[in-house]
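Just one chain is shown here, as structure tokens, and it is the form predicted alone.
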């Protein structure tokens, strides 16, 4: 039996007709599909404004640029996240500051407050693995120090923050989404969006994503070429309709894993926060490569999120000489096991059976 880490083929078959219909309209850039998706995703997020863009990195970069910060401004991000979060800060010409994560892989809010200084202007909390950061505490910190919050929601489409009783997205000043194919809401290529309740930010972003042009061929402001295309938008519209159902499926699989994967001194299941939509299901193991190779022989395919913490990447090592204990532990020992909406019961049981066998018979 083969258990892939993710399976996108079933979803893609359902939207072929929608893609062909969009192509026949002969409109490919910033037309009705994009505007309709922006409205529908705004309703999903309970947000006033959504701006589609080319990818999740661009969403972060554009959100930082719209704040119009001075070059000595510092932006704090967690030390465990995808590199795009860090590169968006650097490429926006701002100073990157790292904070370690907690046992869940989320930005450590107690350590965060100790890193704030007069140059700190922005915090980017990453809702890693699909689990929400404690936004109530973070909003309190924002107000105390007069900061901006840009939420990195690349893995958290539909997650719910019980501390504020709000769906993730727009609890801060801006929220950024990736619709990379493997996301809970994924396109069939790169795609992204910025979500906000701030009309001023939204109006600026409309020009920023199109080379500084709100009116065709008239370029008045800063800009990049970062437009969500019609085909990706039509795919996202189709898949958005099933997102809650698919997220609930992930939750059920996660619950089953937690109940049936037996405890072991060399195995730890990441204790996800309430409201997670389980973009990944993460475990921490001592000898990761050995387990990966064993599961591969059983045709169970896993992914590492992520093999390096931000401070361990070659280009980013000079940012900080600090050690980030939990971020580096996750980089060394964490493993994401298969979880996707269309997993069959026998596939789920195959994963559980072999993980249990490995820890109780192999090592």
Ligand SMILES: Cc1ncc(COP(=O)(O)O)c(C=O)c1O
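Everything numeric in this text was worked out from a predicted model, so none of it was measured. Positions refer to the first chain, counted from 1.
Form predicted in complex with this ligand: not shown, discussed below.
Q: Although this ligand is absent from this view, report whether residue 281 comes within 4.5 Å of it in the predicted bound form, heavy atoms only.
A: It does not: once this ligand is placed as it appears in the predicted bound form, residue 281 has no heavy atom within 4.5 Å of it.
Q: Taking 4.5 angstroms as the cut-off for heavy atoms, does residue 133 touch this ligand in the predicted bound form?
A: Residue-level check for residue 133: no, no contact with this ligand.
Q: Report whether the minimum heavy atom distance between residue 82 and this ligand in the predicted bound form is within 4.5 Å.
A: Contact check for residue 82: yes, within 4.5 Å of this ligand in the predicted bound form.
Q: So, residue 201 and this ligand: in the predicted bound form, are they within 4.5 Å at any heavy atom pair?
A: Contact with this ligand, no.
Q: Is this ligand in the predicted bound form close enough to 257, 272 and 339 that every residue in that trio has a heavy atom within 4.5 angstroms of it?
A: Result no, not one residue of the spot touches this ligand.
Q: Sort through 49-57, 308-316, 62-70, 36-44 and report the only stretch with a non-hydrogen atom within 4.5 Å of this ligand in the predicted bound form.
A: Of the options, only 49-57 has residues within 4.5 Å of the partner.
Q: Looking at 174, 168, 191, 235, which has any heavy atom no more than 4.5 Å from this ligand in the predicted bound form?
A: Flagged contact: 191.
Q: Which residue, 250, 183, 239, 121, has a heavy atom that falls within 4.5 Å of this ligand in the predicted bound form?
A: Flagged contact: 183.
Q: For the stretch 150-168, which residues lie within 4.5 Å of this ligand in the predicted bound form by non-hydrogen atom distance?
A: 152, 154, 155, in sequence order.
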